[in-house]
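Given as structure tokens, the chain that follows is alone and in the form predicted on its own.
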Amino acid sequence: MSAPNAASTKRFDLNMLIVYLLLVVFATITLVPFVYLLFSAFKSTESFFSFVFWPTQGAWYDVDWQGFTLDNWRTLFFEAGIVRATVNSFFISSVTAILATLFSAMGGYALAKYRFRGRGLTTLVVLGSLAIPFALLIAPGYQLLYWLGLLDTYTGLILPGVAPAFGVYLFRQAFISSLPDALIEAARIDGCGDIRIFFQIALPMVRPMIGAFLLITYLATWNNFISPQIVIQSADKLPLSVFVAQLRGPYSTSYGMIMAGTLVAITPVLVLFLLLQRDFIAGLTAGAVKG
């Protein structure tokens, strides 16, 4: 019996070695663009066009330190004004993520646990709206914001995203699978009102989904590039995604400074995702299979 066990163990070790080697290869391929971005953010214009990664004096290990500069960062922070754009992105993303999570949870809870006339039709409308391409909503959305006087305001940028259909349906499925009706009835017998049931009983039951949807919405808002260009017209109100794109000059472009701005733009959300990736995966895999 020892020989077969030894053979199976050896085969298992070989399979694991192959898996880890493939993971190393794929991880390396994934990290190459980040390495390129990091070195490019510190390179001078001449080095940027002369070397792919770090500037050298011949051999790849003979680094030419004269090819690196901090001028890209000085210009970015002290002349271009990236700090203001970063604050704008933090504000817009945070407010949008919090409001969208709250209102999506409210809508999902109502569709999942309340019995009212037209509930089925409302659910179909929510599902149907997911099939509408975003490009088709740009013109009517702009016209509506114009009528309401919300152009060039943070409200006009945040308001259209506070109750996304995707979030409403996601929370509906989460409440169906995670919140028993008996628990709600027991709370009502004990004298709890609907608002108290929602905040003290329903929301804690879908805590993983809350974390996952907060992260999804925050990342989507942070990286949103089209909507701010349509709604926002003042340069001091632009978020970071649009600010970095506008670093290109009319006659010349400092690509090193653009790379530095891109590095600033991706670092906060990258750190946030790495810190919350467990909650993100847990929220996406928590139930959501019952209809």
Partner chain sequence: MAQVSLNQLVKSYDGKTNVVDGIDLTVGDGEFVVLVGPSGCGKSTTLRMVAGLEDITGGTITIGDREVNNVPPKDRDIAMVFQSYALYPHMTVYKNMAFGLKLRKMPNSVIDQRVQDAASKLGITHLLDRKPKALSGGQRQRVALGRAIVRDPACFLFDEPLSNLDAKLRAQTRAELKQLHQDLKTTSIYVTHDQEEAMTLGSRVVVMSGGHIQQAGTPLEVYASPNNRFVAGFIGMPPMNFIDGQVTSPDGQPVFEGGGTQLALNKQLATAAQQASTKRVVLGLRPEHFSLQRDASSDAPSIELQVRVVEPLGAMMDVYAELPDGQRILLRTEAQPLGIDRPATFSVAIDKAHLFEQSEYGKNLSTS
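Bear in mind that the values here come from a model prediction, so they are computed numbers and not experimental data. Positions refer to the first chain, counted from 1.
The discussion below concerns the form predicted in complex with its partner chain, not included here.
Asker: Would you confirm whether the three residues T75, G81 and A85 all fall within 4.5 Å of its partner chain in the predicted bound form, going by non-hydrogen atoms?
Answerer: No: no residue has a heavy atom within 4.5 Å of the partner.
Asker: Would I98 count as a contact of its partner chain in the predicted bound form, using a 4.5 angstroms cut-off between non-hydrogen atoms?
Answerer: No, no contact at 4.5 Å.
Asker: Taking 4.5 angstroms as the cut-off for heavy atoms, does Q200 touch its partner chain in the predicted bound form?
Answerer: Yes, Q200 sits close enough to its partner chain in the predicted bound form that at least one of its heavy atoms falls within 4.5 Å.
Asker: Decide whether G149 counts as a contact residue for its partner chain in the predicted bound form under a heavy atom distance cut-off of 4.5 Å.
Answerer: Looking in the predicted bound form, residue contacts with its partner chain do not include G149, since no heavy atom lies within 4.5 Å.
Asker: Closest heavy atom of C192 to its partner chain in the predicted bound form, within 4.5 Å or not?
Answerer: The answer is yes: C192 has a heavy atom within 4.5 Å of its partner chain.
Asker: Note that its partner chain is not shown here; using its position in the predicted bound form, name the residues of 173-202 with a heavy atom within 4.5 Å of it, in sequence order.
Answerer: Going through 173-202 in order - heavy atoms within 4.5 Å of its partner chain in the predicted bound form - the hits are A182, L183, E185, A186, A187, R188, I189, D190, G191, C192, R196, Q200, I201.
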